[in-house]
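Only one chain comes next, encoded as structure tokens, the form predicted alone.
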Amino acid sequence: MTTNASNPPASGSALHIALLGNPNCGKTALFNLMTGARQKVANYAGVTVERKEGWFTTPGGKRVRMLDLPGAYSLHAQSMDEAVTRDVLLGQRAGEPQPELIACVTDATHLRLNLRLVLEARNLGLPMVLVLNMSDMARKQGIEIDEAVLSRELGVPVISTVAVKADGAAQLLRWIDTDQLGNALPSHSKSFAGDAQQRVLDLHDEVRRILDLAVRAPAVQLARDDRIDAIVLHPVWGLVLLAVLLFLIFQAVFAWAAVPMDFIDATTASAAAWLNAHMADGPLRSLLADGVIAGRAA
């Protein structure tokens, strides 16, 4: 990857790409790999959500402005981060032009979770490319992804990357250089209407259909994932599980934590009392008993 001078190009002369993806999919690692030190980090106006943009020049000489959007699980926003991501993609965020290309970054080892966001983004009708990040780890785990079939079913180009390697974005850079934005327009889409619960179930069914066609994973992993999904995504048992987890967290913080806290308080009090009984009065005793020991207990 070649670079420009230290100054970024004028935004109007650069291809505007937005990186979209779930948290922890390697999106920011890919952003850092492609933009290097040519980045600017700030907050979006009026909110405390972080904004990252950077610039780079492809080997073919194309200048690119890249925006690292906040991680999101859905474009049906449930948090401020997701609301900002949705607004930027729709061109509704003041001072932020709508991207010319969405690079939807996915974790190739957990494609089942990531594809839900991909399907929502596809329905926006913007040029989009699916980036299979961590593709090397997927292969090591015995996961085989047929990129041609995946591209056919999603209606968008599919590219593999490994964001932790120096040349891990080479395929994506070559694709940008070929100037195929027209081919990145989704060739088909599917609307997921209805209430929130029905929409989630429909998305889950579509993800399962696509994975059955395009992905071959070890039988043990598939069976395990199916058992987990059957519980955590169930409209009733999923909510019950969430309630139980929240209750356990509350108990751990406000009830069960009392036992180790009392033990720590008693231990430090005994240590301070021992020092006061066996050391002569002075600055050193005060430092150890009232400073070091009391400070460790705080």
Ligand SMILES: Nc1nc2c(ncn2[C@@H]2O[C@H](COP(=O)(O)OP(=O)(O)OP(=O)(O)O)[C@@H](O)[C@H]2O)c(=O)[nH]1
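As the structure is a prediction and not an experimental result, all values here were calculated from the model. In case it trips you up, residue 1 is the first one in the sequence shown, and so on.
If you look for the form predicted together with the named molecule, you will not find it shown, but the lines that follow are about it.
Between 180-188, 197-205, 90-98, 162-170, the stretch whose residues reach within 4.5 angstroms of the named molecule in the predicted complex through a non-hydrogen atom is 162-170. Under a 4.5 angstroms non-hydrogen atom cutoff, the named molecule in the predicted complex lacks P283 among its neighbouring residues.
Taking non-hydrogen atoms only, T85 never approaches the named molecule to within 4.5 angstroms in the predicted complex. Looking at M137, you'd find a heavy atom of it within 4.5 angstroms of the named molecule in the predicted complex. Interface membership of A29, defined by any non-hydrogen atom within 4.5 Å of the named molecule in the predicted complex, is confirmed.
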